[in-house]
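Consider the single chain below, provided in structure tokens and representing the form predicted on its own.
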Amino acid sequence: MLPNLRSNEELLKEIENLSGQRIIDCYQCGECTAGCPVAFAMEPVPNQAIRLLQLGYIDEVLKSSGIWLCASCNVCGERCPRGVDYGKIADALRTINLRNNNYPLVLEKIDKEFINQAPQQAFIAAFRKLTT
């Protein structure tokens, strides 16, 4: 639950303002998910996340891992017949989480051996999502 209690309508408006996307425009064709290179690991997958937003389950999507796994590759937006870009929506959701100090990646909690072996690009990509 977000610390400042806002209505779902206010949150949805903020997501749309930050992303520049109209959530209601998605009609669940699934093209975004079909083209997403990380959909296999996302929960929920892009079209399901958008449907949850449409139904008012905003808090569930904000807490999901899928918004942090989005590669922001824009394949979803390119494939969408309605021009809805899930990557921009995921960016907006991450921004809302960051503004409320809700983020899953804490440098101090990462295993030091993993840090020594992981490619530098992985850290850059992961921490890039912690900036807006």
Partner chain sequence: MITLAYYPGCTLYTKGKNLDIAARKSAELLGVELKELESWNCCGAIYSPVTDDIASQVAPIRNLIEAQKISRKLVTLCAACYNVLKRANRNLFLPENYQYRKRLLNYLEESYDGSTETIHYLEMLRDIVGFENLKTHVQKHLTSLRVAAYYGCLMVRPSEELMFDNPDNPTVMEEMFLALGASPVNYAFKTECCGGYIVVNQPEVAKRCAQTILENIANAGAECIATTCPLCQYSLDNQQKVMSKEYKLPVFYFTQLLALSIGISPELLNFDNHYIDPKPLLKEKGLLL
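Everything quoted here is computed from the prediction, not taken from an experiment. Positions refer to the first chain, counted from 1. Take the two forms, find the largest set of C-alpha atoms that superpose within 1.5 Å, and that set is the rigid core.
Beyond the structure shown, there is the form predicted together with its partner chain, which is absent from this document and is the topic of what follows.
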> Of the residues Q54, N102, S72, Q28, which one places a heavy atom within 4.5 Å of its partner chain in the predicted complex?
Replying inline: S72
> Does the 4.5 Å heavy atom contact test between L11 and its partner chain in the predicted complex come out positive?
Replying inline: no
> So in the predicted complex, does any heavy atom of A118 sit within 4.5 Å of its partner chain?
Replying inline: yes
> With the cut-off set at 4.5 Å between non-hydrogen atoms, does I24 touch its partner chain in the predicted complex?
Replying inline: no
> Could you tell me if P37 has a non-hydrogen atom within 4.5 Å of its partner chain in the predicted complex?
Replying inline: yes
> Which residues, if any, of 8-38 lie within 4.5 Å of its partner chain in the predicted complex when only heavy atoms count?
Replying inline: N17, L18, S19, G20, P37, V38
>> Taking 2 Å as the cut-off, check whether the CA of G20 shifts that much or more between this form and the one not shown after a rigid core fit.
In response: no
